[in-house]
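Same chain, two versions here, written out as structure tokens and called structure 1 and structure 2.
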Structure 1
């Protein structure tokens, strides 16, 4: 109160500043955030785009001509699309089955299934191709045991590995919407005599469509951008993401890499725009207040059989893959010489890489969550023009392949005025801005739920903007903050596609370390590093949850 009294004295400078901030804070934030987005998200993409037209002798379209003349690129593009679409289709179905079981199925199955569906999140995506080779390779354990002649270096292998790797994404998105549906809708339909199939078709799926679409979009983008699995298992099948990577690392041809990046980006952006268009005005919130707990209804046997038929093989695969990694960490050479050793686990090089990864992920997570929450607020509550553009910019992170952003970052931040290459900041900013979308979206949906009247009411009662912001808005948005933080933290830990271009000597990252050791065939070291990484990630998540619980906040997992 004393402070307010001083603040109210008209000659005080502080008062004037405070008034100014009060009226313009949203705009000030908006301006700042706009600049940040422009520099760290749009500028690198513009660089990629320019480079695809800018050869040694100025403007040229020869690189695009090259792309369109070779049938190799044509196939590479087509394969990438097929890979993206088929993985997307598989994962939407599988993700839905898992989510349906964990939200409607028998209680005792829910937690184990949930853990199983989220497990792959704790390991880098390409780890699956390594376990698949050990299991189903030409000399793999399962092939040898059953005398099969199954070829893992094929389409089946690549799609299986990608599907396993991105199962959690699809599951989380779909589970989230299935969870927030009001159970009484389904119940009343069932009371009126609708069969479960009818309910699923006409109530559950339509209501879940925003989540399903989001899952589809995310899976598509992640699948076509992640190059680890296709690079390891693709054999002779060309794909765009590994080609982009190889174009830079193998041939040092940045022009062609930029062309491939632009080509990779086009379908992502089309799907992104489509998805926004379809979803426009379709926020289905059927829960007002707390969801009412209902006893789970028994699922009809036919549907249950179908769900189990989809889920069981996936569960077996996930368990087998992780078992192989776990065993691989403790035996000499898994599948060749299965004697127990501690060597791999005791190897200290990987510890430093994991430590660096945790450090980077925490920083990127915090930075991303702060920027994301602020952005959501500014977009929802600001009254300036171009809000929509800003929203699109922030959410476009969903649709940008990591490889492209990685390429853009090396080209954009390697010379003044933004000389960041070689510092940890380039990594932090890269991860924070790439994974911004989840925090922003969570924030927006939070603010959708809360009427602006609460803020206005407190303002009417005499609170100034800063007080309102701190006392009302921040607590409301806190769960969005946590969601953004966890998502950025996890994805930064696992992501390889863009950081591999940016790591510097002496600052190894776990994901890169595991990829490189696996590529050299050091499966033991790679497995051990993965096991350690899984452990660290679980500890981090658990302590975060504990912290949130201790402080009385329900962290929403997204």
Structure 2
């Protein structure tokens, strides 16, 4: 009787609940995260697809028929593909040249070239439109100085702006794989009489294929989704992303905007599938232990000349573009009236927009990093079916154009039960889930390096799952958390392609403010807002790095 009484006590019930939670917490996490992914990534995409087939009278293919019969949309699609593919090709070549020079080139050149290749990360992609207009516009500084009649509002201007904006993506992906290659392979080939060109063609490039293909995929997706540069510099050239924006803001036609979004999404998915198919089953591992140290071999003069011929114009343009932005923030009209003024920097509307962007970016970064870290753990340590499906869902936001996700959020969350339109939460969730992939991949990479025996040993010593997760796993995965936070914070600050659909009047964001002022020809205000944004991003990143150092939790081990 006494035992039965004890078994029915509240304490005993709480103990059973704790045991149940401890045993099934991974599955509980998995269920909750799956619901979040389904609602905030899959549901908006489904809404876009359904809206493209659903008119006032129900199911219809009229909107697709209009797309395929109207000549304007044909040229819009064709131009978008040309822009994506041409920028992709240019940046694969330029990114490889930069990466090769920073990994094999002269030591004194490596750091400056790396800084130059990464500089565009600190600014919104469309600042290059502002810079190029200032340099090559009708009254541009270079046009006036050399008496040129160059028209920047053309294909040349759009492709140049997109290539400069997304250079860091290509460079980082390719440099990463070049750094991972075992240097003794190239050294052995050289000892056997192979020329440097033969080594690059037969060894370096084939082994760098994963990074090159990832760079190509990312550049293509980002290029066709980013409509700031095409909208500002494209003139009368139609592109899908700007057309989608105008279809919603100008005509309020969500059906046709959905069709354009679906058409924009299809080539991204095709390239994503092809990318995985090409890499599937192929081995690219060249380091199975500690790589053998070899003395760096100097690049041959012919190769170095070619690489520098490709890199130098890009370096000059990146430096010129940033210089124009910084100068333009402090003068009336750069190149026309260079009188020093503070008016642009003190503009209160831009200050409020930047404050809103910082607040949004911090919240999205924190939420996205938490969800990404938990997702990585669930995918790696969970034993349930559907883990790979969850990983694909998490990566989908990165593989799809931001324009599509922005349109999907408008349709999915503008009425109950998910009425988020008009609130800051729709922006936070959009950015957090769109950029979730980096935190997830960083977490998975980290867990690959952590033996599960650490967790098992802690459990054998009596620690329950919650204790092990909080005291063992989270501190080890802190670097992945920081990576997810930093990336989401920076990209949210700079992002335009999805948030421009979701902002409401009276709540300005810096990216939207810069784009709209640039379109109105207020280049001084746009330049000043960009300078302030760059400064704030750098201060926030420096503060985060200092915090990590002070607390002893470092994001990277060098």
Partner chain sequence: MKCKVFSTGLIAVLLTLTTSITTVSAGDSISAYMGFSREVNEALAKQIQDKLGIEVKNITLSWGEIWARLQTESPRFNADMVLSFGASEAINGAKKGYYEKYQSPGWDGIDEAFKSKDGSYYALGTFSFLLLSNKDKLAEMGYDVPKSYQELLDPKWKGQIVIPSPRTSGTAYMINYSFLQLYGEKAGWEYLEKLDENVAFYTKSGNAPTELVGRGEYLLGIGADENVLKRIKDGYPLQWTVPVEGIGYEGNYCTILKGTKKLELAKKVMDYLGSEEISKFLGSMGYIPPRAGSVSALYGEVQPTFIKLDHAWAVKNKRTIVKQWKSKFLMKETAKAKKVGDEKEKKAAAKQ
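The model shown is predicted, which means the values in this text are computed figures rather than measured ones. Between two forms, the rigid core is defined as the largest C-alpha subset superposing within 1.5 Å. Numbering follows the first chain given and starts at 1.
Here the chain appears twice, and structure 1 is the form predicted together with its partner chain. Overlaying the rigid core between the two structures leaves the Cα of residue 108 displaced by 2.4 angstrom.
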